[in-house]
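Form predicted alone, single chain, as structure tokens, below.
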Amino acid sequence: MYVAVMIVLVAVGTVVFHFMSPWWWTPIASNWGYIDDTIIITFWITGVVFVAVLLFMAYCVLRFRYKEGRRSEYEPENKKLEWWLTIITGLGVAGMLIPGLFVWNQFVTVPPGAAEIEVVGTQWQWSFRYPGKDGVIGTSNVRLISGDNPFGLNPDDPNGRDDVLVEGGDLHLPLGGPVKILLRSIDVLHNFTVPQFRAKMDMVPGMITYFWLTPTRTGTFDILCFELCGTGHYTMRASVVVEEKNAFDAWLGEQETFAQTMARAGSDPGRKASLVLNETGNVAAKDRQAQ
């Protein structure tokens, strides 16, 4: 009897805690309210199943408690019960998966005209690259990364010379416009996450991953790495500043371009880039010949 009461109290306490808890998501700051809706659907489905299982356990404890002289009945198969369990379980799983598939399709379908911004993750720092006045982000190559060129940009690509570089600073985004976030890691696995955006994505060395969002309110929010990336993982933090378009344009105009960075460094990256890229091409050609 006491066990059954305790099980019921666990079920009731869980429901009360869910609705009365002071801990909930931070206020959303992007268009991805669909993700919140999907999570709430999952909460309802799993919550109903959890409470139903607990109440069923309490019923079984009471209904089939020990009584002297009572004998148990052995029933190894019950096709009717198995069909019901299979159908209900299938509906529950479908109810959790189908909304997520629709949201994922929207998550990776970038709207036309979205601005592009690159995020570069490295142990243990965030850096950002914006297209210049031409609106096009230049090419990059990991072989070109150096102290003078931490982003590995190709100096021979005219589209990249006016790219705006922010190394180890904050990410600024304009309010109300769709933005495609290009993600690149130059060492290990990272994960770019802003809780208020409800958006996150792994950053895999050798790949460019992406997602898109539309910032919906101004403010300063934390950027976190949600992938254990080494001993300094906990320090890999930065801020994203969402501001009005005029303020964003003014800030962007104050930042240094790739061409200015190279001029300040006083190096000759063009010759180095040509040598590195030619070497890469020769290696590739030798590999093709060997095959």
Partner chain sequence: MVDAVQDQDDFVPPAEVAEMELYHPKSWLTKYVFSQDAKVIAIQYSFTAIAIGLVALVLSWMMRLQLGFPETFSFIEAEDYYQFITMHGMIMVIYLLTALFLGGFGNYLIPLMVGARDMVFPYVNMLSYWIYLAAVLVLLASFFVPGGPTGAGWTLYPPQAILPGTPGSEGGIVLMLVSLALFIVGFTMGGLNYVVTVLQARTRGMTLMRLPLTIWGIFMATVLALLAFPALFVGAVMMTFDSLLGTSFFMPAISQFGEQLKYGGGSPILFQHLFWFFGHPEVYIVALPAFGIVSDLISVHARRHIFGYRLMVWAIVIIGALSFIVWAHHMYVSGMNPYFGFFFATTTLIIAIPTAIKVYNWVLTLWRGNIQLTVPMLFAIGFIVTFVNGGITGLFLGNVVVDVPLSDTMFVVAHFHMVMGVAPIMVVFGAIYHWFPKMTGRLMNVPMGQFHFWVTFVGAYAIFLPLHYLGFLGVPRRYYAMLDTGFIPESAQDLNAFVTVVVLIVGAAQMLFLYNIAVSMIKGKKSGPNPWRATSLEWQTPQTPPGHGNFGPTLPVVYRWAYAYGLPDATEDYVPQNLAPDQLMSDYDNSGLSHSAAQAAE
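Residue numbers count along the first chain shown, from 1. It should be emphasised that the depicted structure is a prediction, and the values quoted were computed from it without experimental measurement. Take the two forms, find the largest set of C-alpha atoms that superpose within 1.5 Å, and that set is the rigid core.
Here the subject shifts to the form predicted in complex with its partner chain, a form of this protein not shown in this document.
Between 154-162, 127-135, 172-180, 74-82, the stretch whose residues reach within 4.5 angstroms of its partner chain in the model of the complex through a non-hydrogen atom is 74-82.
Put simply, V240 is far from its partner chain in the model of the complex: not one heavy atom of it is within 4.5 Å. Its partner chain in the model of the complex comes within 4.5 Å of no heavy atom belonging to A29. By the criterion of a heavy atom within 4.5 Å, G168 is excluded from the residues contacting its partner chain in the model of the complex. By the criterion of a heavy atom within 4.5 Å, D222 is counted among the residues contacting its partner chain in the model of the complex. At a distance of at most 4.5 angstroms from its partner chain in the model of the complex, all three residues I35, G90 and P205 contribute at least one non-hydrogen atom. Along 30-45, these residues reach a heavy atom to within 4.5 Å of its partner chain in the model of the complex: I35, T38, I39, T42, F43. Once the rigid core is used as the reference frame, the Cα position of N78 differs between this form and the one not shown by 2 Å or more.
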